[in-house]
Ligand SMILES: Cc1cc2nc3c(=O)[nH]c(=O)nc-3n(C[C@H](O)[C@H](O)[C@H](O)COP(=O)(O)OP(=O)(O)OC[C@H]3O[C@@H](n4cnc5c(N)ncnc54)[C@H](O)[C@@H]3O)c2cc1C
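As a starting point, one isolated chain is supplied in structure tokens, in the form predicted alone.
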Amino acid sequence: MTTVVRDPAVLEGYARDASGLKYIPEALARPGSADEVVDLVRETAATGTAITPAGAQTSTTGAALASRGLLLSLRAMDRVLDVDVEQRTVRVEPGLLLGALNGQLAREGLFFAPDPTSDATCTVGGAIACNASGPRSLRYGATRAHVRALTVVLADGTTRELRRPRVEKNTVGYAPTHDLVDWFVGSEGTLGVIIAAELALLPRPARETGLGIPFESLTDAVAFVRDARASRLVVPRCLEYFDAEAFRIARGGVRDGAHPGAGVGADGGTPVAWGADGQVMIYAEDCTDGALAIDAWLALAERHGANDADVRVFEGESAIRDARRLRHAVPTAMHERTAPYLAQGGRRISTDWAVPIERVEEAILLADGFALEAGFAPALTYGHLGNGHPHQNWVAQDPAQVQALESVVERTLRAVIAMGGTVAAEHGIGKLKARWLGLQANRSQLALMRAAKQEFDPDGRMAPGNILA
């Protein structure tokens, strides 16, 4: 039987995720098995207690925080249940870390494709709950495409096995009802608790190569990305953007306490002489089976104003890990810059909107203009430019700045929607973005969401505050 913890000192340790929000749960449970989850959910159903599932609490939207009731930490359920090498599938518990999963799969020559920045610290269940993606989603897509089946515990404590249909055609009723797996991927704990998942795997690439390519401007970088996407000579699996400040952080130029030594020197801690102040960077990866067409990449970069002598090449698994440190250094630095202001009500303000690739430069410049009009510097911008999906970050030092910067974000989101974009491309809605759901979802869409919520959680106890606040 799982112990329910109410010790304030313990609960304090589960009161924050990566969003900067703070909610101290009323109670905490840390089950170690599916049977324990079922018992806990039945107990909360009997008492009418709200329950919020959580993994490693890396959410940037507050989705992993309990605004009331019980926080159900699934981190202890971290086993690989079965690997089918021939069918390229794996069945796992929800608390398994993505990085640990891929470490085990490497021995079989396989990998799970979704690669959120927090893959070393985020769980499989969390990735499914918010339909996580990452740099390589350019080629592989988000988590949804890689989930074959789910075992879920519903709000009344019943267990359901959900599996994607295997047929190639289906004309039975409304299309949204064809596949219930899709209802739970991205549902952020609001419909039930995921206790097991069957995931589709891919063979590990025979060759992996990354390139860090400095450019003089956003315009040059966007033109390069669009040509790389359209090229028949290169096969990008990620195209990541770093603005001038993000590039400075990534190359190890930061010495103000924000992740020093994040560059790629020989010892992993010495900054390298790479690029010039004011330059931006595109980090690209290619994983073709044959030799990488380096000359084609360099020619493409040169056509868009890059100096091919200043391109960095990262070849092989170890070098790719080093290159990933460039990307990971940026959000780490932003978290560290924000930390001193959390106690006084400040936090990191971040976005994950996306637009059609042909509108991405326009959207970034509009957002920067809105910030300037509000009296703030333009955002630090980095991320998945190849998908039309950059991240924009500011540090808000107090509640007044939080409110002002969220107004900047809302102006940006309205412009993004007018361009055919989305308010949330990667991190879900959670509690932070629930206020903006209605900007994009129309009356009929919201009604369908509420109907699904009513069907699976009629008392509104599951993950209150997430999505449909």
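Residue positions are given as counts along the sequence shown, with the first one as 1. Values in this document were obtained by computation on a predicted structure and should not be read as measured data.
Below, we turn to the form predicted together with the named molecule, even though it does not appear here.
Annotated contacts: 210, 251 and 393 are all free of the named molecule in the predicted bound form [non-hydrogen atom within 4.5 angstroms].
Only one segment in the set 311 to 319, 187 to 195, 357 to 365, 225 to 233 has any non-hydrogen atom within 4.5 angstroms of the named molecule in the predicted bound form, and it is 187 to 195. The closest heavy atom approach of residue 351 to the named molecule in the predicted bound form falls outside 4.5 Å. In the predicted bound form, the named molecule sits within 4.5 Å of a heavy atom of residue 18. When contacts are judged by a 4.5 Å heavy atom cut-off, residue 386 does not count as touching the named molecule in the predicted bound form.
Among residues of the shown chain, residue 139 is not one whose heavy atoms approach the named molecule to within 4.5 Å in the predicted bound form. With the partner omitted here, the residue from 412, 44, 58, 401 that has a non-hydrogen atom within 4.5 angstroms of the named molecule in the predicted bound form is 58. Residues 116, 117, 118, 122, 123, 125, 126, 127, 129, 130, 132, 133, 134 are the ones in 102 to 134 with at least one heavy atom within 4.5 Å of the named molecule in the predicted bound form, listed in sequence order.
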